[in-house]
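Okay, so here's just one chain, in structure tokens, the form predicted alone.
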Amino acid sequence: MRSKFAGRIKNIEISGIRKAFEALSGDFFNLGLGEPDFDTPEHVKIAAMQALKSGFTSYTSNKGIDELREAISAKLYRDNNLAFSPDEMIVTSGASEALHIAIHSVVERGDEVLIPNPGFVSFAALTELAEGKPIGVPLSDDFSISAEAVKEKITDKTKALIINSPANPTGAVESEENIKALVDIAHDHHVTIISDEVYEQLIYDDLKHISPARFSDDVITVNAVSKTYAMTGFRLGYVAARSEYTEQMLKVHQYVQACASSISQKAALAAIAGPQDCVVDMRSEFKRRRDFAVDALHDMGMKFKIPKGAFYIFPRVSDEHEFVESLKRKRVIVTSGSTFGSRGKNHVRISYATSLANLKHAFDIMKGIVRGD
């Protein structure tokens, strides 16, 4: 009997991250969700309220309002050394939509997309929705994606390479040398790079964020205000790329979304063009939490690489399912490592995007489980 549903949908699992979150009720220590616990900056909220009061509630241009795209253009030049005109970008409903239109604009049935393994759950799912084939690239011991590993996986069917730095779920930050090597390989094989940079402002230990688009025109840069400004619910992201890419992405965007929220665009304008003290303060607090988590896990004898960015730590455990379930019974939530690919097996992703007080309580419980108390 013919199936009612498309095979590309039936074969995709509900995100393990969201599944765990949606099933919860009552009080718990949530170290599973990648969402800043800070309030959205006041000047951003004021901008959103002013948009509502002034009646700025209609459709906007498909690409997004001019002043926001101009602010993004200035930001990319200032922070990333990238020269994109406002016409070379599209404002989207979060980085999720940005990734969607980027992948769908370049991937056809049977095309291969190289993704980090372990890597963010959306990379593989969105590739499959485009009827492409996700190919996991095993990460190095330090969780970087090496040029050698990419060379081993690349074929004449490879259409795109996804780079995510700082990375979810590992917190790894790619070096400039490594980014250049990956760009060179992609160029030699006529492969488009899709660069997910949503955690770019959350980097520690005096490291620098490097955008692949500095070294190639065949890069689609994806970003958002969600993590940087604690604006996850505003659902506001963007893509920047040369016009040959944005012209094609716009076709997908027009039919799946039409335009991003008008109110969220005004809020994002205030965030990107306004004072950045809030970003500095949040980054400083995340580093303080990172340092606490590192010390606490070392004290438990757990093995892991110290994350250099984002707000995740990815330690190894003997049995991830047992570890996750034991914590859940004690009202502590972490995410199974295999959610992020086969190479994440017997790891867990711990998010330190919660208060230091919550982290202390959660790690005290974790310590008891690790030590068998």
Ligand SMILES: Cc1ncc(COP(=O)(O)O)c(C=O)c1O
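Residues carry their position along the shown sequence, with the first being 1. Predicted model, so just to flag it, every value in this text is computed and none were measured.
Not pictured, yet referred to below: the form predicted in complex with the named molecule.
Between 279-287, 92-100, 213-221, 107-115, the stretch whose residues reach within 4.5 angstroms of the named molecule in the predicted bound form through a non-hydrogen atom is 92-100.
In the predicted bound form, the named molecule lies farther than 4.5 Å from every heavy atom of Thr170. Although the partner is absent here, Tyr199 is a contact residue: one of its heavy atoms lies within 4.5 angstroms of the named molecule in the predicted bound form. Although the partner is absent here, Lys227 sits close enough that one of its heavy atoms falls within 4.5 Å of the named molecule in the predicted bound form. Mapping the unseen interface onto this chain, Asn164 counts among the residues with a heavy atom inside 4.5 Å of the named molecule in the predicted bound form. Residue Arg235 is the only one of His209, Arg235, Lys180, Lys159 with a heavy atom lying within 4.5 Å of the named molecule in the predicted bound form. Contacts to the named molecule in the predicted bound form (heavy atom within 4.5 Å) from stretch 34-72: Gly34 only.
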